[in-house]
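Heads up, the chain below is alone and in the form predicted alone; it's given as structure tokens.
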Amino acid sequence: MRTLKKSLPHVILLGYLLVILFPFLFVLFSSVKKDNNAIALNPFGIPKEFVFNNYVEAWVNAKISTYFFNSLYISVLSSVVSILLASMFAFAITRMRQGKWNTILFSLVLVGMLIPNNALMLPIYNIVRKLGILNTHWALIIPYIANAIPFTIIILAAFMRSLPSEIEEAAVMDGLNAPGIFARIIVPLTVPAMVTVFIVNFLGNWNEFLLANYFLSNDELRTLPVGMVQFRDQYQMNYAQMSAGIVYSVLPVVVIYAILQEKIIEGVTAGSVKG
């Protein structure tokens, strides 16, 4: 009976994992099947013949390569810049004595979290148009950075508050000023939290569709989510190549998480323990 009680949670979690992974496995198997007929005859099974040429065709025919690298560099650049700006702001309101200004500024950041992104669509469009960056990648990079800053500040500020003040006192005794403390002490200690928010921001930027769809009209500038919609329209009868394109869109997220999973877990848990 005791063994059953111990194994029951694992069985439930395993079942939940299978439910979550099933759609991706379906897409993965479909991407290496010969054609639509092979998918129809054996929709949920392992293919009898693996056709990896679907990935080559999708990469070339549907311009997945162009959309892929557009999304990659826009997502990475936006995430890195938002972390840089938010970490400096979080350091100022958590580790520097500014009196009531710390509370006021942090409250303004919280207000920024309350505004729905869809409600800002028209104002963002007007700003981007007046700046003259419509139909350029800057039309996505700047809004992505601005949108990620409030959430990033909240996470990094919570992590920085958990760091003991004795670290800064020792750094001041060694002759470091505020920029030196931030760059040489706080940033290295905050890397786990930065990795966590990087993954969250990267996922949001990588999967974002509305701004990318409305702000970019040139085909060579479009990102992967928008390109996948066009791929579906152009190759709507070739589900094997469509599945290969979906795998391309999922691959970077899986790779980044596999490489940084330890830092992600450390960043999620470390901020909850008072240093």
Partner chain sequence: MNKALRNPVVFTLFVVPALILFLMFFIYPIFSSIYYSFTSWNGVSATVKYTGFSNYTKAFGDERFWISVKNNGWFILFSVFIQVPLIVIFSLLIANVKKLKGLYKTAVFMPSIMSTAVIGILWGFIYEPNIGLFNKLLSLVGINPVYWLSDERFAMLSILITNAWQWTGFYIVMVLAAILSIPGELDEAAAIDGATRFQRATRITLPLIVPIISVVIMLSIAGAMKAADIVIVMTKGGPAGSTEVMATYMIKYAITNFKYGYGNAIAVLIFAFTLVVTVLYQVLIARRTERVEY
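Numbering follows the first chain given and starts at 1. Everything numeric in this text was worked out from a predicted model, so none of it was measured.
Below: the form predicted in complex with the partner chain, not depicted.
*Asks:* Looking at 96-104, 155-163, 67-75, 189-197, which stretch has residues with any non-hydrogen atom within 4.5 Å of the partner chain in the predicted complex?
*Replies:* After filtering at 4.5 Å, what remains is 96-104.
*Asks:* Are all three residues V19, A92 and Y239 in contact with the partner chain in the predicted complex, where contact means a non-hydrogen atom within 4.5 Å?
*Replies:* Yes, because V19, A92 and Y239 each have a heavy atom that approaches the partner chain to within 4.5 Å in the predicted complex.
*Asks:* Is A40 a contact residue for the partner chain in the predicted complex, using a 4.5 Å heavy atom cut-off?
*Replies:* It does: once the partner chain is placed as it appears in the predicted complex, A40 has a heavy atom within 4.5 Å of it.
*Asks:* Report whether the minimum heavy atom distance between I185 and the partner chain in the predicted complex is within 4.5 Å.
*Replies:* Outside the cut-off, so no.
*Asks:* Taking the partner chain as it sits in the predicted complex, is S30 in contact with it (heavy atom to heavy atom, 4.5 Å or less)?
*Replies:* Yes - in the predicted complex, heavy atoms of S30 and the partner chain come within 4.5 Å of each other.
*Asks:* Taking the shortest heavy atom distance, is N117 within 4.5 Å of the partner chain in the predicted complex?
*Replies:* So N117 counts as contacting the partner chain.
*Asks:* Could you list the residues in 105-140 that come within 4.5 Å of the partner chain in the predicted complex, counting only heavy atoms and keeping sequence order?
*Replies:* L105, L108, V109, G112, I115, P116, N117, N118, A119, L120, M121, L122, P123, I124, Y125, N126, I127, R129, K130, L131, in sequence order.
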